[in-house]
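Taking the form predicted on its own, here's one chain by itself in C-alpha cells.
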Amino acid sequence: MEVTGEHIVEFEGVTKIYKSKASLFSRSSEEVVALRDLTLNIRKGEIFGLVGESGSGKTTAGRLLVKLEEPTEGVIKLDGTDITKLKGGRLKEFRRNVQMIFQDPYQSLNPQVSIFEAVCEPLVIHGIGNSGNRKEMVEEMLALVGLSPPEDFLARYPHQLSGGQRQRVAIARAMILKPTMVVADEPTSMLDASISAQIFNILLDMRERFQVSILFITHSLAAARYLCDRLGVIYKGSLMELGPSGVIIAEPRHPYTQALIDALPKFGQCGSVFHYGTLLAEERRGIEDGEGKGTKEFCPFFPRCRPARAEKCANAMPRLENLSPGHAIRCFFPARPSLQVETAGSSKCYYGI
C-alpha cells in the first residue's frame, strides 16, 4: 500500500498526567507524567512504530488515541477532527473507525464467550449486517487471519486456543469493522519468534487489504524495523527521535536510541563464518545507572546520558528539531552515527535487525 502525505492522526502537544491518591501515610497526591508535550503525526496507509522501554508512555499514547484515556493537555485529531470533544453518534462512529489490538491475548478475550460471538459482537453493536450474513463475515475474517477452516473455530472458546490463535482472533475482532486506524499494543510480546513473524505478516496483509493505518507499539527495534515505515523513540513520556525506520536504525543520532540498539545481540559474516556476540565495554554506547536530578525543565535522559553536559542538559529541555528532512531529534549534542564495530579476529560486524 502506498503511504500518502496526508495525516490521519495528529498529536499536538499532548500531555497526560496521572495523580496518585492520598493515603494514610501520604496526605498529598503525587503527579506522574506519562506523556509530556507529545507532538507527532501518522500518515494515511502508514505503519508508525512507537518504541521505548517499559514505562516510557507508549501504551498511554495508544490508549489516548482510542479514547480509553483523556489527555490532560493538548489535542488529538483523526482526519482533522478533534477527538477529545466527540460525543453521541460521532463518538460511536469514531469507535467504529479506530480499533485496538491488546498485548495479552489471554486477557483480551472473554473466556465465557465463543469465538464467533467475540468476533461478531462489533458487528452487532454497530448494526452491520444481519443474522443471516454475519456468520459469513466472521468466517471470512477468521480465514484472513489464518484460522482455517474457520468453521472449526466458531464454537470454540478462548481456553481451547493457543496464544497465537487467540491473538489472531483479537486481530479478526479488531478488523471486522474495517477501521481506518488500528493501535497494536505489543501484540507479539507474549508469543514466540516464529508465531510473532506470522502475526507481523498478518498486520502487513491487513494494511494492504483494508488500507488501514497502524500505530505499532513495541519495545523491540527488530520488530519495528521489519514492520514500520517510520519510528518514534520515546523516553519517560518525551519523544526523543523521529524519522524513517531505515534511517533511525542505520543512523541513530540520539544517545538513547543508540543505547537501545547496542542492547541488541549482534552478528556479522566473516567469510563463511557467522560471529555472534556483544560489544566490548569501550565500544558500547550504553546508558549510565541512576536517576539523577536537574531543574524542573531538563532533558529527561540527562541523568543516564554519557555525552550529556550538566550546564546545558540539566537546566533546559531540548526541542525536537530536524537534523535532515523527516529526521528529528530532541538533543543538544546529537551523536555521530557509527554502527559498524570491529571484533577480534573478524571482519566488520553488523546489527542483526
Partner chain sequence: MAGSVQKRAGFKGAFLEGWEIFKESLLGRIGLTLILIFALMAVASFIPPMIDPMYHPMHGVDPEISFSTGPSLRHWLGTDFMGRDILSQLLAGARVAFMVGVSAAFMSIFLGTSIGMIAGYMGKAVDTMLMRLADMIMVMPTLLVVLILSSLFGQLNIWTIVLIIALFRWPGVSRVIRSQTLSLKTRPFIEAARVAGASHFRIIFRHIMPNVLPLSFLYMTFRVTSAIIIEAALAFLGFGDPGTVSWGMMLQWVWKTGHMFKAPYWLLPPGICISLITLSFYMLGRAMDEVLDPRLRKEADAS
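Not measured: the values here are computed from a predicted model. Residue numbers count along the first chain shown, from 1.
Just so it is clear, the following notes concern the form predicted in complex with its partner chain, a form of the same protein that is not shown.
Checklist entry - Considering 223, 202, 109, 76, which brings a non-hydrogen atom within 4.5 Å of its partner chain in the predicted complex? => result It is 109 that has a heavy atom within 4.5 Å of the partner.
Next on the checklist: To verify the annotation, which of these, 189, 211, 72, 114, has a non-hydrogen atom within 4.5 Å of its partner chain in the predicted complex?
Outcome noted: Among 189, 211, 72, 114, a heavy atom within 4.5 Å of its partner chain in the predicted complex occurs only for 114.
Notebook entry, point to check: Is residue 154 one of the residues lying within 4.5 Å of its partner chain in the predicted complex, judged by heavy atom distances?
Noted result: Residue-level check for residue 154: yes, a contact with its partner chain.
Do residue 68 and its partner chain come within 4.5 Å of each other in the predicted complex, heavy atoms counted? Judged by the heavy-atom cut-off of 4.5 Å, residue 68 is in contact with its partner chain in the predicted complex.
So in the predicted complex, does any heavy atom of residue 144 sit within 4.5 Å of its partner chain?
-> Contact check for residue 144: no, nothing within 4.5 Å of its partner chain in the predicted complex.
I'd like to know if residue 251 sits close to its partner chain in the predicted complex, meaning any non-hydrogen atom pair within 4.5 angstroms.
No - in the predicted complex, heavy atoms of residue 251 and its partner chain never come within 4.5 Å of each other.
Handout entry: Partner-proximal stretch of 130 to 138, 228 to 236, 254 to 262, 76 to 84 relative to its partner chain in the predicted complex, 4.5 angstroms, heavy atom
Key = It is the stretch 130 to 138.
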